[in-house]
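Presented below, as structure tokens, is a lone chain in the form predicted on its own.
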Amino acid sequence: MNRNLETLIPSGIRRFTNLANATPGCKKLTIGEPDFDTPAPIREAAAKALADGLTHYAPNRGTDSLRKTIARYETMRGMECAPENILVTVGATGALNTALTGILNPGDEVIIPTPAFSLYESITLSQGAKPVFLDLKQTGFQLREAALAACITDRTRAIILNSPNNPTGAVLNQDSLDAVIRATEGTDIYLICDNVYAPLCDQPIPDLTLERSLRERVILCQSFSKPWSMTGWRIGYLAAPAWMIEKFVLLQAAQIAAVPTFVQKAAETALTVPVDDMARDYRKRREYVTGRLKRMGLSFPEPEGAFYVFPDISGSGMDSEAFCTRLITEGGVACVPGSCFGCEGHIRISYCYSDQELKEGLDRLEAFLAKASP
């Protein structure tokens, strides 16, 4: 057995979701899965692809037509790239796994600003590398050059940048990205940009993938899951220098062979489908949820993207694990402990649920807080 597997633990998000599923009547605000159906044009494109017999192996790197479409899409948004810069993956999870597995050797270090999605740590550990956590809670969930530079050693191989952030919804501002540029100038440190929530932002956001000077060190991990409500389709992509893609495609060929051909045809259509309506609904839900939390007296970093809020529950006198466990068993609503993201004293609330589910879940949270107050 691979000894590195002994360092891995189950997803806290799934653990608390499973606990909620096992609790009769419990409302879930745990999973970051859009409640919208995949838009009809995308589903129709998949159905047509199946009817046309697109059920055979796709190229390991993805179909030519999808990679050309992705390259055009990314170029239009400002990241100049060509089809040879694209690798089609099994969601952003596949993109992150391929990127980190492809660049890491045992003993390498990966800087992970926290709070952070636990997958980054899991993949790093699975490669025998070391996660180095950089706490952003004390700096308003933004990066500072001195703190980042203090984490960098001669073993640092990569920095993972997730913006908008899961679990806070915070967006790294230009000062944060400038800090990354200055701290890594003249190094060979890779900058892995997990931008899966960016298409759902209110407006264009600062983005290192648009920096021409960083082109040889930036790896973009992207997914169709969140913007187009395609979580079950399992498709995403990597955008990176062509020489790097040539290596990554060999790794992916050994792992999954290729993403299903008819799914790739549906993804081509997805890139032509606007997400404005879904983004507008998420904004309305965000305003409702944040308004309710403020009236409950809870503070949180103001979410600017994604579909999460990260309220501070330290005033309850409980750690986040105990709080979320009692919230399920006594309050009948499930959230995710901040400890699952490397940030104690907070919980994550997902607002990609229906208006009715959000109202009932928040009603139960408010009642629990009133009862559990120290």
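Just count from 1 along the sequence shown to find any residue number. Owing to the predicted nature of the structure, the values given are computational and were not obtained by experimental measurement.
Just so it is clear, the following notes concern the form predicted together with a small molecule, a form of the same protein that is not shown.
Is there a heavy atom of residue 234 lying 4.5 Å or less from a heavy atom of the small molecule in the model of the complex?
Heavy-atom contact with the small molecule at 4.5 Å: present for residue 234.
Is there a non-hydrogen atom of residue 122 within 4.5 angstroms of a non-hydrogen atom of the small molecule in the model of the complex?
It does not: once the small molecule is placed as it appears in the model of the complex, residue 122 has no heavy atom within 4.5 Å of it.
How about residue 96: is it within 4.5 Å of the small molecule in the model of the complex, going by heavy atoms?
Residue 96 belongs to the contact set for the small molecule.
Check whether residue 252 has any heavy atom within 4.5 Å of a heavy atom of the small molecule in the model of the complex, and answer yes or no.
Answer no; every heavy atom of residue 252 is more than 4.5 Å from the small molecule in the model of the complex.
Full three-residue contact with the small molecule in the model of the complex, heavy atom 4.5 Å, for 168, 311 and 347
Checked in the model of the complex: no contact with the small molecule for any of the three.
Considering non-hydrogen atoms and a 4.5 Å limit, which listed residue (197, 300, 228, 141) is close to the small molecule in the model of the complex?
It is 197.
Since exactly one of 342, 305, 32, 331 fits, which has a heavy atom within 4.5 Å of the small molecule in the model of the complex?
Of the candidates 342, 305, 32, 331, 32 is the one lying within 4.5 Å of the small molecule in the model of the complex.
Within 4.5 angstroms, counting heavy atoms, which one of the listed stretches 279-287, 106-114, 79-87, 220-228 is next to the small molecule in the model of the complex?
Selected stretch: 220-228.
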